[in-house]
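Below sits a lone chain in C-alpha cells, taken as the form predicted on its own.
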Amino acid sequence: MFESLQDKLGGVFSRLTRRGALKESDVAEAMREVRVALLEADVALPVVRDFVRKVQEQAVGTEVLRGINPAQQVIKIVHDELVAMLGSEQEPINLRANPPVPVLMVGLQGSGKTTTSAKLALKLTNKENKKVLLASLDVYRPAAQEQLRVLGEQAGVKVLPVIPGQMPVDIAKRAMQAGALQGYDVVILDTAGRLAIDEALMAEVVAVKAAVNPAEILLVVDSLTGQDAVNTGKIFKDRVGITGIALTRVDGDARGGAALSMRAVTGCPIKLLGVGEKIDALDDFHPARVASRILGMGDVVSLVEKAAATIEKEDAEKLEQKMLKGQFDLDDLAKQFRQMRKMGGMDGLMALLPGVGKVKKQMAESNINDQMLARQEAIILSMTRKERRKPDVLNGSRRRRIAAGAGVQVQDVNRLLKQFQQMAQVMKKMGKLQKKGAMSPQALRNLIPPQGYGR
C-alpha cells in the first residue's frame, strides 16, 4: 500500500534536501508536487487542498527557512500533518459496554464484510481473550450464512445456528439472547449488503441498530474502489452513524487514496486494515506508523510486533545459542525462510523497514524475492538430514543430485551454500566477541560481509 505515493514523495523530498538553504519558492514548488502526488493517489480534492494549505502555512515560516536543516523540518511538518489527516491516535474496537457487546458490520456487497467479521472474531479471541459469537444477518445472498459458518470454523469461533425463514432483526435479537445466556463477551453481527446503496439496505441496517444498540458500527469498505469507498463512507455516516472503518484489500492498493481521505471526509477513525486473504490478516490502524511508511521512514514497531507474534520465545533462544556456539546449520536457515513468510514475506518485511525504496528496486533487479526464498528452501529440503547438518560433505555429485531434486541449477545450490558459509562465519565471530565482551559498534561493523554478499 502507498507504494506509488511513497516513490513520488520520496523524489520530492530528495530534491528538496539537496538544495540546502530553502527559499519560499522552493517550498511552494515542493508543495505543488506533493499536491499532484496526492491527487494521483486518488486522495479527495478537498482533503488535498486542506492538507497542502496547512503544510505550506507552517513550512514558509522564518524558523524553517533559516533552520539548521530546513528540508528535514519541512518533511517533519508533512509527517505531522499526515498523522493529523489520518486521525492522530490509534483507536481500538470499542468494547466498553455490558457483555455481550454487539458489534455491527455494515457495507456494500463484495466489500469483504463476512471475511472481516471472521477475522475480527479471531483477533478479539486471540489478542483480547474474548469469547466471541458470530451471526449472519444476510438472508438474501446465496450461501452467505454458510460462508460465515465455514469461516467461523477456520477461526475456531462459534457461529449462531441458522433458522430458515428468520429475518435480520429477529436473527440479531436471537444472537444477543444466545450471547447473554451462554456467557459471550462479544457478538459480531454480519449484515447483508447491496451492489449499491439503496433505501432498503439503509432501512434494514437502521432497524437492526435500533434492535441491538451496538457499541460499535464498523463500515467495511474495499480500498481498491478509491473515491467510491469514500463516498460510501460519507453516506453510511450520515444515514446510519458509523463509529469506525475497516479497510479491506489494502495489500493490493498501491495508491492508498481511500485511507488518506476516509478520516477527513467521514470524521470516523479507520480502525482495521485487511492486509491479505489469510484468516489472521487483519491489522490495527496506526496513523503515525502509516505516515512514516508513506514518507519512507519505515514502521519498525509493527515489524517488532509481527516478530513477537510469530516467533516462539523458546525457539528464538535455542537458535541464538546455536548461532553463538557456531552450530548454525541449514535446517536453521530453512526455519528462517519459513519465519519470513509467516511475517508477510520479503515485500511485507521490506515495507516496514526505513529507507528501503531504492533497495527494493535493486532487490527486484537482482530477483531477490519470495520466489527466491522458496527456491532456496526447496534446495535445503532436497538434502538429507546429514547434509543439512554437515554441509561440508556436499561434494559435486551430491550438489548435482540436490539441484535435480529441487528443480534448479547447480549454480543455485553453490550460491546458497556460499551465503550460508558467510552467515556461519559471521555467527562464529559474534560468539567469540560476546565471550570476550567485545561487542562494540566497531566490532559489529567488522562483522559486515564484503560487498557482493548473496550474489
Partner chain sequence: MADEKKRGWLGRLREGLARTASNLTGGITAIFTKKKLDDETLENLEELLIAADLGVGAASAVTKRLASTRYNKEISAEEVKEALAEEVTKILAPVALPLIIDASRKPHVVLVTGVNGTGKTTTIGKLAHRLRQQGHSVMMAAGDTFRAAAIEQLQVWGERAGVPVVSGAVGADAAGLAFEALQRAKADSIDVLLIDTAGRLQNKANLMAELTKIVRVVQKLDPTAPHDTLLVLDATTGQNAHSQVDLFRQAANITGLVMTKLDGTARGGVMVALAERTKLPIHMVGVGESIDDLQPFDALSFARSLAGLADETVS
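All figures in this text were calculated on a predicted structure; none of them were measured in a lab. Positions refer to the first chain, counted from 1.
There is another form of the same protein, the form predicted in complex with its partner chain; it is not shown, and what comes next is about it.
Remark: none of the three candidate residues (88, 263 and 281) comes within 4.5 Å of its partner chain in the predicted bound form, counting heavy atoms only. The closest non-hydrogen atom of residue 224 lies within 4.5 Å of its partner chain in the predicted bound form. Under a 4.5 angstroms non-hydrogen atom cutoff, its partner chain in the predicted bound form has residue 40 among its neighbouring residues. Its partner chain is not drawn, but in the predicted bound form it has a heavy atom within 4.5 Å of residue 146. Though the partner is left out of this view, residue 35 does reach within 4.5 Å of its partner chain in the predicted bound form, counting heavy atoms only.
Proximity to its partner chain in the predicted bound form, taken as a non-hydrogen atom within 4.5 angstroms, holds for one residue of 252, 267, 161, 183, which is 252. None of 28, 410, 45, 393 but one reaches within 4.5 angstroms of its partner chain in the predicted bound form through a heavy atom, and that residue is 45. Note on the interface: of 194-202, 170-178, 211-219, 128-136, the segment with non-hydrogen atoms within 4.5 angstroms of its partner chain in the predicted bound form is 194-202. Heavy atoms closer than or equal to 4.5 Å to its partner chain in the predicted bound form belong, across 105-139, to the residues 108, 109, 110, ordered by sequence position.
With a change of no less than 3 Å, the CA-CA distance between residue 119 and residue 197 is larger in the predicted bound form than in the form shown. The distance between the CA atoms of residue 237 and residue 196 is at least 3 Å shorter in the predicted bound form than in the form shown here.
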